[in-house]
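Before any questions on how it binds or moves, here is one chain, the form predicted on its own, in structure tokens.
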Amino acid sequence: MTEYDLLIDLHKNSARQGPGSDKDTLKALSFINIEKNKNLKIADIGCGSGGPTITLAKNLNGKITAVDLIPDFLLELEEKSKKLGLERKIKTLKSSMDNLPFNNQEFDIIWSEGAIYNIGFENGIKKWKDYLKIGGIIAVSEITWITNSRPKEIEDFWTHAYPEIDTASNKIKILENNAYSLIGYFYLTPNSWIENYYKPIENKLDAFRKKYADSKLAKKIIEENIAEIELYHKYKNYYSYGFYIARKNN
């Protein structure tokens, strides 16, 4: 198996594939003034197995197109939506987020939790803007420094892992420079990282280690996850995911 295949296997059957919570999704929604009876068109880009998608479907009227590149995650979402009676509100789409088959100004809301980093924050908000109606809402969570200075160890780690990591003020400037107006911002609390993302991974590592005992790639993935979790516990006061909610002006 490739490293990509192994990572998918590790993250399957998890509520989320990144930090976040239903509470965070609902908090982001609270910034948006939505007409209760409006039939919305929503895209959830990089939906994974659909944690945020399900929360959106429960709390909004309309249809959600849930986009991900990994069929296993989309299948999980389809099964969840059927069990909850939400299948009429959610349509899955296998597609790369940088080459989406959407029409100009098709959506009222574009949502993306913990996924825009795959194509870069600035690139993503520029590309996806075309699909959003004027006055429409974009809501994305993005790895963000929450202090202006930080220890070299964590600065080096994240600068290497994701060079676009930055402070919220600079992320907001990018939004404003691309004709969005910020209507809300907050950062995720440690609970959204530890309880909803890291602990579920830790609970899987022993079984994953046994399943792929002869795989050097699997060993590498385990070591990298343990190291990342340790870094978060050590430096969680310096970074988090920032949740940015903005309106398209033109």
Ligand SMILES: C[S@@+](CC[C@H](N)C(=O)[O-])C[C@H]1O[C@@H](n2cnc3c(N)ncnc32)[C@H](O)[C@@H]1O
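Counting begins at 1, following the sequence as shown. What you see is a predicted model; the values in this text were computed from it and never measured.
Although not depicted, the form predicted together with the named molecule is the subject of the following passage.
Shown without its partner, this chain lists Ala28, Cys47, Ile54, Ala43 as candidates; in the predicted bound form, only Cys47 has a non-hydrogen atom within 4.5 angstroms of the named molecule. When you look in the predicted bound form, the only residue of Ser96, Thr147, Asn103, Thr159 with a non-hydrogen atom within 4.5 Å of the named molecule is Ser96. Heavy atoms within 4.5 Å of the named molecule in the predicted bound form belong, among the stretches 220-228, 64-72, 177-185, 207-215, to residues of 64-72. Annotation: in the predicted bound form, residues Gly18, Gly114 and Asn118 each come within 4.5 Å of the named molecule through at least one heavy atom.
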